[in-house]
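The structure tokens that follow cover one protein chain in two forms, given apart as structure 1 and structure 2.
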Structure 1
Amino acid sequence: MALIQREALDREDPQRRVPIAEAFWWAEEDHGLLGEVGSYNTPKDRHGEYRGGTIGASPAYSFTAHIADLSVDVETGVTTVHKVWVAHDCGQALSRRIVEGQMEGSVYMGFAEAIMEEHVVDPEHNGEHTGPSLLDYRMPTFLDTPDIEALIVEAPDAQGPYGAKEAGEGPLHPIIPAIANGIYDAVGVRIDRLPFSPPRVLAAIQAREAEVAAGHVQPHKTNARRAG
């Protein structure tokens, strides 16, 4: 039997054919749910003696690069990330769409941490969490999330299952420094605390402007361009 163009056909007699979905229904009627169970465990002995070395991390490290296109509003401190390109070496991609989805989700979560998400407990109110629901704990909506373009880089790893490395946590990390560098490139301030919230970015911009006015630092390139 062969599965071609949404049809299952008899190889000996190609005239005998039914839609694939129907073939699966028949098969499941006869045999129950069609499926196969398998598993892969990360080797425990690949990593060194360091703390966390035995948790069973994937045998090879993955690599990721991010580029963020953003603008910073110098009057409000609001950083708008327009687009993110994420290139990730996941080893062999077992399903490209799923790997892309993991990369996009990772960008989202890192971007969210960079721009707005924050766990704050309030020591003046018995350590209450200040964002205890999905209203006060703000996570980006469809309208806040940048366009994300995922670029898979495949460098298979012999130790991993079918050559895979990982596509879970790796593609998250670089977006935060990418955005921090983008802010620096745009307005010349280095923010080293998360999130890069409007009040924080604005305070840094204003502090820098004061330094410029006092003659301690050079105007940033954008300021120079605007003045000229």
Structure 2
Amino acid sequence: MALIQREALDREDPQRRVPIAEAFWWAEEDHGLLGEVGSYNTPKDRHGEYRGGTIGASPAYSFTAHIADLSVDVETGVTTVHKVWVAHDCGQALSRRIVEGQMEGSVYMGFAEAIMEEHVVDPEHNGEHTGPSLLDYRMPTFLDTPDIEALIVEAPDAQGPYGAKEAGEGPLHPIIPAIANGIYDAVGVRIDRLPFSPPRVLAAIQAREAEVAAGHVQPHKTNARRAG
């Protein structure tokens, strides 16, 4: 299927035309960076009249679903997230590339909270942070980050700007329980404290093994593909 070439036309002589990108280049050469300013207010019937009532208010509610494919090493407790699929209802996608970027960035942030990032304060040193720099505070690099597939679901909402809802924070939260459920599916342990670090996962596995040995719980049907 051939791509449509967008063009800028001379209104007085439509036969005179240039590619739209070239028209923007000319305009910026003559007038500087092009831009536009706008604003949007949440409808009053969606929030209170008190001061600060609009903070966090949303004219419409978005929906997100995540699937995480991961594996757990039962000998070390290391959890490796291989791929994440994120489907997000953003209303009308005003810019699909930006929405996809927001979704991917949200998944990255939630994945980082789930697997690595931890805010630890040392009570013996007047509340000093034990990881005061990015050399100590672990954050995932490109090599640590799983493949992310963003699936945009469009259900425009009349109360949103041009039918849009949101795509900035909604796609962040579900990745954490998706990873937690994946760990349970792999090795049968529920972890409710972040991050799902190797020592924490390994301790949970060993605790469950002890309960199984004592006859307190039934063995978990391990998913061999996800537990190493």
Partner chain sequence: MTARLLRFSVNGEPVTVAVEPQRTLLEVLRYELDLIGSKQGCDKGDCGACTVQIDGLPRLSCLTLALAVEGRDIQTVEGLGRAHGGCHPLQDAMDRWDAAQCGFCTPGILMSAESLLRRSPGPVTRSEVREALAGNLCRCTGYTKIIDAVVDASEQMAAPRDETEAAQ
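Because the structure is predicted, anything quoted here is derived from the model rather than measured. So that the term is clear: the rigid core is the largest set of C-alpha atoms that superpose within 1.5 Å between two forms. Here, a residue number simply tells you its place in the sequence of structure 1, counted from 1.
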So which is the form predicted alone here, 1 or 2? 2
Align both forms on the core first, then report whether Pro199 has a C-alpha shift of 2 Å or more between structures 1 and 2. no
Core-aligned, is the CA shift for Trp26 between structures 1 and 2 2 angstroms or more? yes
Pro14: how big is its Cα shift between structures 1 and 2, in Å, with the core superposed? 7.4
